[in-house]
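The chain below stands alone and is given in structure tokens; this is the form predicted on its own.
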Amino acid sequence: MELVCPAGNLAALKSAVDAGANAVYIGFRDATNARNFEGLNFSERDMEAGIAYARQHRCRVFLALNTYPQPAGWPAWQQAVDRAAGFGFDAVIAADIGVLAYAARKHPRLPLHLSVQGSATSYEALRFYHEQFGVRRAVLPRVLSMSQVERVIANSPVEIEVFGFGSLCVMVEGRCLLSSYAAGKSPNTHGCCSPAAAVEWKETPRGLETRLGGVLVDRVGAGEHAGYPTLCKGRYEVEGNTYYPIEEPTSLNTLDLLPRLAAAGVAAIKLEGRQRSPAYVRQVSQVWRAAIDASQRDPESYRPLPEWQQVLGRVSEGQQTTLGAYSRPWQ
């Protein structure tokens, strides 16, 4: 299995490569990229330097063009595909059918991967993308159980990549409207689910309050962990009770599942976190490199080391981890 690591800037890319990534994924500094945070992503110069550095270390580089263009902005997505071909990326990760069609027609030698934003949860959907656009790999949404993943892979015409660690998304991937309701911008079209300009942190007599677009997302007391405010992971009052009714701040962690994922035929494990620091990328990538290597050397006796879990626990949302949808004992 490949290890595919996030890189929000050149320093993070180098950290991922040095930690043993087989591939890194990056984005342009514009709305074609679903992590379009201010201060992140790559200038032309940094992109050239990053690609060169990765290739010196036999690491592939993927470009995320994983948002949905609106009609008025369509030329920007066309230009992004053309730029990607010019840079010679090892693959473009896309979700929108128009973007995929344009890339397949204009640059037929440019490898295409289907983004998790495409929400393809069945092998019939994967067959469509493969036949219509020549997609070679697909990233599965984080809504399938382990048995469902195995069934999809057994019938898939393309390679399958799954998320192994990082933030969870409780929406149907690629169809989130919550942030656009509060902040006026959708992550699917503007590339940022909680734009920094809409985020507010305020100390009050009742605790530290976090708001997004004026909407109170959470309030934490002294010593409590305060996550980055996203509406889906907010704490709200529901029928007189205050709790996390949609999703708790917690991170997906599938270290325990590595042998089963490998046996199922997963082509790559993807780490989430292009918005995170180079230090985060280095720590998490080192753990997953070691874990994948250990699992492949001896899958029968593989067990995640406690020190791996400690590292991941410290950088997880809310310092909690979960198997998410992978674990459904009732199935």
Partner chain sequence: MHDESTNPGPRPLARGPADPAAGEIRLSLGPVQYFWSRDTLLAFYAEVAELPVDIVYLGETVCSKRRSLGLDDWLQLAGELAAAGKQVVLSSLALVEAESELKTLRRLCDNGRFLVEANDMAAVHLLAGKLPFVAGPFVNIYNQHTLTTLAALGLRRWVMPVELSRDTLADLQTHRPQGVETEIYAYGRLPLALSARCFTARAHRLPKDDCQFRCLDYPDGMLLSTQDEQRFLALNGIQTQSALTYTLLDEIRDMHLLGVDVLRISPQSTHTMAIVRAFDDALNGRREQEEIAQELISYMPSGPCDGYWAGRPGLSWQE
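Residue numbers count along the first chain shown, from 1. All values derive from a computational prediction rather than experimental measurement.
The form predicted together with the partner chain exists for this protein as well; it is not shown, and the discussion that follows is about that form.
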Item to check | Residues Y123, G184 and I246 all lining the partner chain in the model of the complex, heavy atom within 4.5 Å | outcome: yes
Next on the checklist: Within 4.5 angstroms, counting heavy atoms, which one of the listed stretches 255 to 263, 158 to 166, 234 to 242, 81 to 89 is next to the partner chain in the model of the complex?
Outcome noted: 234 to 242
Checklist entry - With the partner left out of view, is V143 within 4.5 angstroms of the partner chain in the model of the complex by any non-hydrogen atom? => result yes
Item to check | 4.5 Å heavy atom contact, A196 to the partner chain in the model of the complex | outcome: no
Checklist entry - Any of the heavy atoms of N188 lying within 4.5 Å of the partner chain in the model of the complex? => result yes
Item to check | Distance check, R137 to the partner chain in the model of the complex, heavy atom within 4.5 Å | outcome: no
Next on the checklist: Between Y68, Y280, Y53, F37, only one gets a heavy atom within 4.5 angstroms of the partner chain in the model of the complex; which residue is that?
Outcome noted: Y68
Checklist entry - Can you name the residues of 291 to 308 that have a non-hydrogen atom within 4.5 angstroms of the partner chain in the model of the complex? => result none
